[in-house]
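Just one chain is shown here, as structure tokens, and it is the form predicted on its own.
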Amino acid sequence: MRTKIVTGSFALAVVAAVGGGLVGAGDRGERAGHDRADVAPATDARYRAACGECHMAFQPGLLPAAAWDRVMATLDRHFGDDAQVPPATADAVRDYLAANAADRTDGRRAAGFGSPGAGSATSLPRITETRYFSGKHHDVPARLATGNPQVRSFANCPACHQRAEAGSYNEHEVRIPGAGPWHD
């Protein structure tokens, strides 16, 4: 019995150390200010033109493939707007998003966005409702985003993340309009 307890405790300690190391590794890289993109930038010209016309062309690595498929299947009611594009463009964009989605890439942060929780099966998925996003923004007061006329929404990433379009969401590069740098 004592051997099982000691072995189980050792295994638990190893799991905690490895898991803590993985979490800490990302934090150390962020503190060091590495220039590596957190998620691969959106590079497809058709996607950038079709979606970037109205808002930032969000990186495909910010949602899993199934979530992007739901977004593309409902362009006629895209968050209150009609965002339909010609069928050939829609097919190309859908393929690009699926191939580069969070659950199909190895980006440092993309793996966190690829986990379940990006909206229900019946609602449009929102990056701001993923577990990863919520975990990183839980301590940001709404008044600094939704209550800030220069930001207006947590989905307006480039308002605070200076290099969002390049795929960098390093918390040490955050500058909230009207509030300055953000520190956890």
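Fair warning: this is a prediction, and the values are worked out from it, not measured in the lab. Numbers for residues come from their place in the sequence shown, where the first is 1.
Another form exists, predicted together with heme C (HEC); not displayed. Remarks below refer to it.
Enquirer: With the cut-off set at 4.5 Å between non-hydrogen atoms, does A102 touch heme C (HEC) in the predicted bound form?
Expert: No, no contact at 4.5 Å.
Enquirer: Using heavy atoms and a 4.5 Å limit, would one call C51 a contact residue for heme C (HEC) in the predicted bound form?
Expert: Within the cut-off, so yes.
Enquirer: Might E165 be said to contact heme C (HEC) in the predicted bound form, defining contact as any heavy atom within 4.5 Å?
Expert: No, no contact at 4.5 Å.
Enquirer: Just checking whether D106 would be counted as a contact of heme C (HEC) in the predicted bound form - the rule being heavy atoms within 4.5 angstroms.
Expert: Answer no; every heavy atom of D106 is more than 4.5 Å from heme C (HEC) in the predicted bound form.
Enquirer: What are the residues of 137-175, in order along the chain, with a heavy atom within 4.5 Å of heme C (HEC) in the predicted bound form?
Expert: Going through 137-175 in order - heavy atoms within 4.5 Å of heme C (HEC) in the predicted bound form - the hits are H137, D139, V140, L144, A145, V151, S153, F154, A155, N156, C157, C160, H161, Y169, N170, E171, V174.
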